[in-house]
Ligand code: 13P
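Here's a solo chain for you in structure tokens, the form predicted on its own.
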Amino acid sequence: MKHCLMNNDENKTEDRKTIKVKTKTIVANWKMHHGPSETREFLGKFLPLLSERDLPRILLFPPAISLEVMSASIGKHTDIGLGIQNIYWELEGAFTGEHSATMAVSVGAEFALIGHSERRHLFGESNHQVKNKVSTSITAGLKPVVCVGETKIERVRGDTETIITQQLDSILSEISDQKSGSILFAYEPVWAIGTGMLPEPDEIEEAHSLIRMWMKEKIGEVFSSSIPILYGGSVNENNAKDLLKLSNVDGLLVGGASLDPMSFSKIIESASL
């Protein structure tokens, strides 16, 4: 059963027009895969596969233990950015097992993945904790890639718009004074991640349009028009091209399909056409 996220009022529909972000962004989230030696092996196969033609922006998020190796390996590739999958909201201290944003920057990270559904639902991260992490990442000089999305139960209940809006509202104070290009958003319906299931195209468009309009209304059109909104959830080489054709999709957040160099290069090729 589908639930329309938008108010059908004609004025609302007119306001929620498509705003294009010119350069596509393709993000690889390796999760808990590929240690340092596997990272070297992956990059040895992957980097030669990249063509010289108009590449999209590529962001790689390896496990923290592989950050330094990856940073050294991609140093000369200006189209590739490096990110950390998780940070703590304090820059340093007695927080065993956590990752410092400033330490991530020191080994070459430029981005931080924040609010991923696995962090929210497996590790119980609240909207308040996500807010603190966004604040810390900006303070440390990392650009946050903020993930939002609903569970299957929330979608069936018709609560998708409410959930996404709550997640966005929680970080408003942290991003309202940021400059263009300093943050990215990713819509990832929790029920689609790792399941092979995709929302209907109109459902993806509606969710992305909701995020775009939230930015426009809360932060301003100039700022919001430059912020990419990515789609994440069971992305692979077979569906990437169709997903990137959707008007409000500015890029992709790729999980399992980014672990194989050939598969991931084909997804990047879809964004380069």
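Keep in mind it's a predicted model, so treat the numbers as computed, not measured. Position 1 is the first residue in the sequence shown; the rest follow in order.
Below: the form predicted in complex with the named molecule, not depicted.
Screening 124-132, 188-196, 86-94, 151-159 for residues having heavy atoms within 4.5 Å of the named molecule in the predicted complex returns a single hit, 188-196. A heavy atom within 4.5 Å of the named molecule in the predicted complex is found for exactly one of Lys31, Lys218, Arg40, Arg57: Lys31. Of the residues Ser224, Ser209, Ser234, Ser66, just one reaches the named molecule in the predicted complex with a heavy atom at 4.5 Å or closer; this is Ser234. The closest heavy atom approach of Glu174 to the named molecule in the predicted complex falls outside 4.5 Å. The closest non-hydrogen atom of Gly256 lies within 4.5 Å of the named molecule in the predicted complex. Counting a residue when any of its non-hydrogen atoms is within 4.5 Å of the named molecule in the predicted complex, the one hit in 118-151 is Glu118.
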